[in-house]
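Single chain ahead, written as structure tokens, the form predicted alone.
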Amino acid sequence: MANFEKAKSLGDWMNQRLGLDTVMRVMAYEYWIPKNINFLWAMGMILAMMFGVMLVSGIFLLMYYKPDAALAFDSVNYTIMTEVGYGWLWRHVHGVAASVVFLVIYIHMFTGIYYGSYKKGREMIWITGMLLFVTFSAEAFSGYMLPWGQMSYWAGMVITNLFSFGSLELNGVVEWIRGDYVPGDAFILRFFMLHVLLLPLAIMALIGLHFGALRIPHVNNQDGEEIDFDEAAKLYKEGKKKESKVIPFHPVFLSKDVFVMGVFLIFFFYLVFYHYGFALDPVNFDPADGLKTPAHIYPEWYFLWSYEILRPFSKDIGLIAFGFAQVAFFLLPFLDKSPNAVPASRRGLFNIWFWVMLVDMIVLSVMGKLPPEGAWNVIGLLSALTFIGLWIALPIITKLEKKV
């Protein structure tokens, strides 16, 4: 009883100085969520959870990793995998999480596009989400460099060469990024610093900004229904829960999120223990060798679609197409001229646009893994042109869309 009284006193003391009750009320008890949403709205919480998993597993790996071009490969593939107790488990958890998190990101992105969650005052939610996507991509790329295998070295070489900006030949910029003419000690140290410090800090800041942007216009719903949140919240507080169209984030919606997260963790640990190989490129189990180029250099699966947009064209046109692909998603709220914020299934031509875009990105990803020769090269070129054409057509087809 005495300990309980002390804890209560401490809680009161903290509450008086930090306003914990107010924070919980604003961010949890009175943060209202529409009733008519499905499990796809739990993807944001899954992403936050997976970031935590990567953070914890990364700390354990950090204890034994050597950011040195001569030692990095052995520290990962020998020390961590064979000498450290359960080191293999932490590496598998970290590697699988890095891949699976992009699967969840893409589901989250396309859910937002399908249900129009970037429209009607929700532009900042979309833009901060895309900033998170870019930052997660940079985090994944910097982490891919650290095992210092063949694909780490050569993927680093290819990607940093993009910063010469084609015919501009800004090789000084490339050398500044690498710290040398070719990837070496300075290169691995710089990407190590980015991976373990700067980019995780940026991700945490952007997660806070993303949730903050989400708090004001409220969450969208799967019917695109306009909800008077003040009136719906009033009904809920009055005990008319069936008549109300909203539920509080905590504990009602959060309990549903936790259920979806539990199901996801079963899938995740199944991959960690039985199918982790998809996240570990076999070519990367050969030590980095600047004198031996792999037969086919390619990025991880989550970058393949944008890599294939770059690859079929000449150097300068390829860079322009690549840049266009990255910027287009940022501009989605402004390119979509439709007044409707309803599901794509109710938007005519936009529904066709959505599914063609999704299939096209899958085709681009498949082509990006295959060598650029014969029919694969033709299919890759047509898929890249289709991607660009779809984004050019988007303002036109949405401008013609009638109010639903």
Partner chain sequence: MAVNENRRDFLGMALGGFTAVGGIISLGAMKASWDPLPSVKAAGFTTIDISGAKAGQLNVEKWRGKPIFVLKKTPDMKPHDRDIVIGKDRFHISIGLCTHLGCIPSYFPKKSEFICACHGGIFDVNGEVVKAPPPSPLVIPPFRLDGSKLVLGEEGDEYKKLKAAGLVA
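Residue numbers count along the first chain shown, from 1. Please read these numbers as outputs of a predicted model, since none were measured by experiment.
Beyond what is shown, the protein has a form predicted in complex with its partner chain; the following relates to that form.
Enquirer: Can you pick out, from E231, E243, E225, D180, the residue that has a heavy atom within 4.5 Å of its partner chain in the model of the complex?
Expert: Contact residue from the list: D180.
Enquirer: Its partner chain isn't shown here, but in the model of the complex which of F267, W176, Y86, F273 has a heavy atom within 4.5 Å of it?
Expert: Answer to the contact question: W176.
Enquirer: Is I297 close to its partner chain in the model of the complex, meaning a heavy atom pair under 4.5 Å apart or at it?
Expert: So I297 counts as contacting its partner chain.
Enquirer: Quick one: does R190 come within 4.5 Å of its partner chain in the model of the complex, counting heavy atoms only?
Expert: Close contact exists here: in the model of the complex, R190 approaches its partner chain to within 4.5 Å, heavy atoms only.
Enquirer: With the cut-off set at 4.5 Å between non-hydrogen atoms, does N77 touch its partner chain in the model of the complex?
Expert: Close contact is absent here: in the model of the complex, N77 is far from its partner chain, nothing within 4.5 Å, heavy atoms only.
Enquirer: Would you check, heavy atoms only and a 4.5 Å threshold, whether P282 touches its partner chain in the model of the complex?
Expert: Judged by the heavy-atom cut-off of 4.5 Å, P282 is well away from its partner chain in the model of the complex.
Enquirer: If contact means a heavy atom within 4.5 Å, which one of 118 to 126, 181 to 189, 77 to 85, 233 to 241 is the stretch that engages its partner chain in the model of the complex?
Expert: Selected stretch: 181 to 189.
Enquirer: Report yes if all three of Y144, H195 and Q326 come within 4.5 Å of its partner chain in the model of the complex by some heavy atom, otherwise no.
Expert: Checking in the model of the complex: none of Y144, H195 and Q326 is within 4.5 Å of its partner chain.
Enquirer: Using a 4.5 Å heavy atom cutoff, which residues in 283 to 301 contact its partner chain in the model of the complex? It's fine if the answer is none.
Expert: Result: G290, L291, K292, T293, A295, H296, I297.
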